[in-house]
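Two versions of one and the same chain are coming, encoded as structure tokens; call them structure 1 and structure 2.
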Structure 1
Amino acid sequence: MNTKEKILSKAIVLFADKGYSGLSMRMLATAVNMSVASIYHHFPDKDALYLEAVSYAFSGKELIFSQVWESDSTPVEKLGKFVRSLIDVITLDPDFHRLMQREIMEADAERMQLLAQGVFQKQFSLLMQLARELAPELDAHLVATSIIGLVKHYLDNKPLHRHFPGWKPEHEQLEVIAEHITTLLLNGLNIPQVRQ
């Protein structure tokens, strides 16, 4: 890993944690044990550094779901695998996830399009195709959105829900979340289930 990549990977963590305006070049320089001027040798300005960090965080994320789509499972099995994979991606790389959350909240239309097409589009298309197989009578875009929404909400709001009535530690176990969501979805999509 060269110097530039070293800076970028630290920047991902710190931008994810503090946001664009919350992280100063001084802080980043200290974190990577360099002077501010040295960072400016690699990037023209803070904005370019931020954008490069976001793209860098993307790289490789597309391949994680390949096991879901390439397997010759039934659509119902694929749904279970997708839910589980999405939970894993979000859980295993929390910095990537937080950076995405911030981008979705703060990006302008141009950056949003980059985000949609560069990172998520392929997976969303494949998920829509699965949605069509599972529930041909429903709007595939809305169904795909619902699947992602259910998973993301659980994970995004975990620290909040801990303080809600009825919360149990097991609600944070990934298997419990995954099973609840798939059950809800399979019923919601009108698919008869076989008891395991």
Structure 2
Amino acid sequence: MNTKEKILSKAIVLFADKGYSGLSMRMLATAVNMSVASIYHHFPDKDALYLEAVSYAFSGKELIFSQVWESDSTPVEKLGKFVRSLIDVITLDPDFHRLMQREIMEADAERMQLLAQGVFQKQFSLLMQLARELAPELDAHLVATSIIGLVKHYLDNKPLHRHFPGWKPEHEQLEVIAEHITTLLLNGLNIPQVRQ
């Protein structure tokens, strides 16, 4: 890991923990045992650091999604694979998940635009393309955001679910969650399972 990657790795954890406004360049410099000037040598300002940190955190995840988009699968199968991949991305990297949760809560319009255009646009466009294939009569943007929203809502509230009546341990198995969400989506989109 080179110096820049070391800074980015620590910045991801600290942004997730403290938020954009709660993290100063001085705090980051202390955490990586460097001077503030050294941080600015690699990043011109805090916005650039932030965007690059989120991009760095997401970069390995794009490979996971590219396997879905490049697979020789039907749209229904791709939906199932995308749901499972999104579940894996969210659950296997808690720092990235917390960072995204914090950003959504803070809802800074400028940073949201940077994230949407600079980090997530390609994946979201591919998901919209899948939505058009699955349900051409529906608004692809709304379908894509609903897919993400259903997965995210379920995972964000998972710690609470176990306290509701009817909970079973298998409800926390990632494969069970993925299959359940995919089935709900297909039923909601009115797509017969036999089209798989």
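When a residue number appears, read it as a position in the sequence of structure 1, where counting begins at 1. Definition used throughout: the rigid core is the maximal C-alpha set that superposes within 1.5 Å between two forms. Computed from a predicted model, the values in this text were never measured in an experiment.
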Exercise. Please match the form predicted together with the DNA to structure 1 or structure 2.
Key: 1
Quiz prompt | At the hinge of two rigid parts that rotate between structure 1 and structure 2, the residue from 35, 61, 88, 140 | solution = 61
Practice problem: Could you tell me the angle, in degrees, through which the smaller rigid part rotates relative to the larger one between structure 1 and structure 2? | Solution: 24
Exercise. Report, in Å with one decimal, the C-alpha displacement of residue 55 between structure 1 and structure 2 after core superposition.
Key: 4.9
Quiz item: What's the distance in angstrom the Cα of residue 42 travels between structure 1 and structure 2, core superposed?
Solution: 8.0
